[in-house]
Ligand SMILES: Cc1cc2nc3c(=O)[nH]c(=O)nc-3n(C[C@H](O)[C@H](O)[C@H](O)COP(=O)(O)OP(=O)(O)OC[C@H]3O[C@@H](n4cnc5c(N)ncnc54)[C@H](O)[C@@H]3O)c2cc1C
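First comes one chain, alone, set out as structure tokens in the form predicted alone.
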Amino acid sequence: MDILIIFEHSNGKIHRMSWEAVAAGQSLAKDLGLTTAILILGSNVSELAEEASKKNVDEVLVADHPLLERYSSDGYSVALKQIITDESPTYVIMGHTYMVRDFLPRVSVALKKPLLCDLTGYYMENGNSVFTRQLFQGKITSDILPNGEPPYLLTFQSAAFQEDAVVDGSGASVRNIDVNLDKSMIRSQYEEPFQGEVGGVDLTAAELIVTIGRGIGKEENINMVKELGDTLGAQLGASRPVVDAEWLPTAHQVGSSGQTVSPKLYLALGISGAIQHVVGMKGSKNIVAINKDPDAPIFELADYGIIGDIIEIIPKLTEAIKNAKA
């Protein structure tokens, strides 16, 4: 195949950003006239392979091995290096997740191939794919044209492509492949999966997010936002000033120095719309902004905007939603 898309999964569920990687691979394949394949590393992953085969790809590869049942940077990097060497793809694509940041640089070093990471997209120029990446907290966008011999290792930022853009197929073939692994290669010890904080705050997987900025005024006002979030069934996010003031833990931060999200609904409360924040949430499906400053930059990005004081609006909005649910 020409494009190899590596799936990330846990507890029998495929990571959202892996579907975004499929959308990226399908788009690239269409523009360049290339073939695509999905790779699943793990143990007893036949159900995941069946799910993947329903997408518009040419093939699904399954590396089923007992030592891949649980993620380890040693096991994944060794296995992926072998597979890339054997299959010779031109592009290797993954979402830019915590796990990928842990093991893919090792594959890059082992193959002596550069890793183009945290990409925001690509465009075509003279028949070539030119990849884009933001620098200096989103102030500058760099254009990257890979050269030298492939494979080219690529990771795409969350929301660079939309999960909804994945094209379904009629049933791709599934092929089992062998990897050479033994226990001596796995030097790291397995621990419980990383969580931002006790109780888990994974904004990247949230479909509804209510985010507060400095317009909340003081820490005591956050309780009304939490009530709104609970009423909506939404996760609570924050801009950097709120986190810097220690009103909320860093796990809640959205932006260039926090998490990048793409929920179905993003409710921005008292957020001005600084570029550092915007780069982390611009991929949201629907953005609703409430700010008392009519010239706030967030309104340029918002699908719906309300000019007003969030301290007055939030309780009324919460009450209206409760009444609608009653």
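If you're wondering where the values come from, they're calculated on a predicted model, not measured in any experiment. C-alpha atoms forming the largest set that superposes within 1.5 Å between two forms make up the rigid core. Position 1 is the first residue in the sequence shown; the rest follow in order.
Form predicted in complex with the named molecule: not shown, discussed below.
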{"query": "Candidate stretches 106-114, 211-219, 227-235, 75-83, one within 4.5 Å of the named molecule in the predicted bound form by heavy atom", "finding": "211-219"}
{"query": "Contacting member of 134, 256, 204, 129, with respect to the named molecule in the predicted bound form [4.5 Å, heavy atom]", "finding": "256"}
{"query": "Partner proximity in the predicted bound form: residue 98 to the named molecule, non-hydrogen atom cutoff 4.5 Å", "finding": "yes"}
{"query": "Proximity of residue 303 to the named molecule in the predicted bound form, heavy atoms at 4.5 Å", "finding": "no"}
{"query": "In the predicted bound form, residue 296 touching the named molecule (heavy atom, 4.5 Å)", "finding": "yes"}
{"query": "Residue 310: touches the named molecule in the predicted bound form, heavy atom cutoff 4.5 angstroms", "finding": "yes"}
{"query": "Contacts with the named molecule in the predicted bound form - residues in 242-281 whose heavy atoms fall within 4.5 Å", "finding": "253, 254, 255, 256, 257, 258, 270, 271, 272, 273, 274, 276, 277"}
{"query": "Residue 67 C-alpha relocation of at least 2 Å between the shown form and the other one, rigid core basis", "finding": "no"}
{"query": "Threshold 2 Å Cα movement between the shown form and the other one for residue 90, core superposed", "finding": "no"}
{"query": "Residue 214 C-alpha shift between the shown form and the other one of 2 Å or more, rigid core reference", "finding": "yes"}
{"query": "Direction of the Cα shift between residue 240 and residue 98 in the predicted bound form, where the change is 3 Å or more", "finding": "closer"}
{"query": "Inter-Cα distance between residue 275 and residue 161 in the predicted bound form, nearer or further [3 Å or more]", "finding": "closer"}
